[in-house]
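Just one chain is shown here, as structure tokens, and it is the form predicted alone.
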């Protein structure tokens, strides 16, 4: 008998349909991958099972018994926990407070003592008393994973759990998942990373446009077959053509901040420069320093023209979630859209339609709140904002984090096009294949220091990991 059976699940958001009769069956001790393009309904289905969203129609059985899951507390009582893609942490509280708030397993006593084993399991070396807002996105992801482990669930839904984790933290999570499976805990693993899906899962359920397109045994299918089920076509193949490089557009010499330690490099026009490193290595802090958000204590930054930044946390740092798609996309170019102090709405929509077409942005209307879009389309809105600005240097902090394979292709094409236009692009990524695919060179940071520089042809996973874990590498 299945541990979980969710059948004929429907969900509408206003005029938009998220789920149209979707279903999911999960066995005890099974790792079940749930995949699909952004907007296919994966996260909505997971949130309904976890009690954070109410279905419009459908039913859920736990061990054959019908249940009503009206809240996350109901789900927790049934042995269901969830790790959300858009982290649902209380950033003004401590790590310990985030783990124990609403946690039925915490029955009093020392919060730090309760939290310690779960923080150790995920490899988070920070104090349980540290404020969550002071952590990086990757560290926050580990807090969310630790919280789910602390709830002693029999079914854990994981929505893009490695989206902000580098190789070492991801490997630790995979070991945790294997241990949970041995204990009979079921995992619903929502991810766009095919290598993880085929490494971890027993079965794969595919959604497209809110409907099931099939459930297959992982051992009896292929990544290409699953992608066809997801997007209805094969992905484009072929190698990226070489890009000509121009003059130096950005020179950084001995840059030091509270996190960075004497970092130096150059970026040329037409170049995509990758930044690799473990969580907390200083990747995001480099963008903050270049953009003037972190105080620079030493060093020099010389650049030609303007700089744009697509931040790591698109919801908190990048987008105004209740503003429209058009308003979010054009907010950085409002002066040129105004006449006599009034915004020319026609020009605003025309410019936004142009970048929407360029990026493959899918939305019902440019007037809709950006919060109604899928994660991949939200990221395209944020990237579109900087296409309208047309900067000379663009710092992209994990721009493909948590988005589907089709949307990733659109982002990669946009990065290549920007470089071919003579822009200098800095690409931070937690995924080695992404760095190798997109970049001309890759810099590796460890504890705020630059420890290695590789061409894409030279880079291997072993070399990057060695440089990311040792301050004694070569630069």
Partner chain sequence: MPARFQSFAALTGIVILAIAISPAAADGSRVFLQTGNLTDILRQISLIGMIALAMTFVILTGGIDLSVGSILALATSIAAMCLTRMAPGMSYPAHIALAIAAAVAAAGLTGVLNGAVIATLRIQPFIVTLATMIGVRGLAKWITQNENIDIGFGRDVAASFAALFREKAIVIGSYALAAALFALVLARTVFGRHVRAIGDNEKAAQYAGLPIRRTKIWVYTISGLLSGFAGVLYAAENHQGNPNAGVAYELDAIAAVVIGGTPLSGGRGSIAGTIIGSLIMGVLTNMLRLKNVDSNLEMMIKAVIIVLAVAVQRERESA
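None of these values were measured; they are calculated from a predicted model. Positions refer to the first chain, counted from 1.
Unshown form predicted together with its partner chain; subsequent notes refer to it.
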### Query
Does any heavy atom of residue 291 come within 4.5 Å of a heavy atom of its partner chain in the model of the complex?
yes
### Message
I'd like to check something about residue 322: if you look in the model of the complex, is any of its heavy atoms closer than or equal to 4.5 Å to a heavy atom of its partner chain?
### Response
yes
### Query
Is residue 47 close enough to its partner chain in the model of the complex to count, meaning some heavy atom within 4.5 Å?
yes
### Task
Mark residue 123 yes when one of its heavy atoms lies within 4.5 Å of a heavy atom of its partner chain in the model of the complex, and no otherwise.
no
### Query
For the chain seen here without its partner, which of 180 to 188, 351 to 359, 252 to 260, 385 to 393 has a heavy atom within 4.5 Å of its partner chain in the model of the complex?
385 to 393
### Query
Which listed residue (246, 299, 72, 305) meets the criterion of a heavy atom within 4.5 Å of its partner chain in the model of the complex?
72
### Task
Would you kindly say which of 220, 92, 364, 107 lies with a heavy atom within 4.5 Å of its partner chain in the model of the complex?
92
### Query
With the partner absent here, would 154, 212 and 405 each sit within 4.5 Å of its partner chain in the model of the complex, counting heavy atoms only?
no
## Note on the structure
In sequence order, the residues of 410 to 448 that place a heavy atom within 4.5 Å of its partner chain in the model of the complex are none
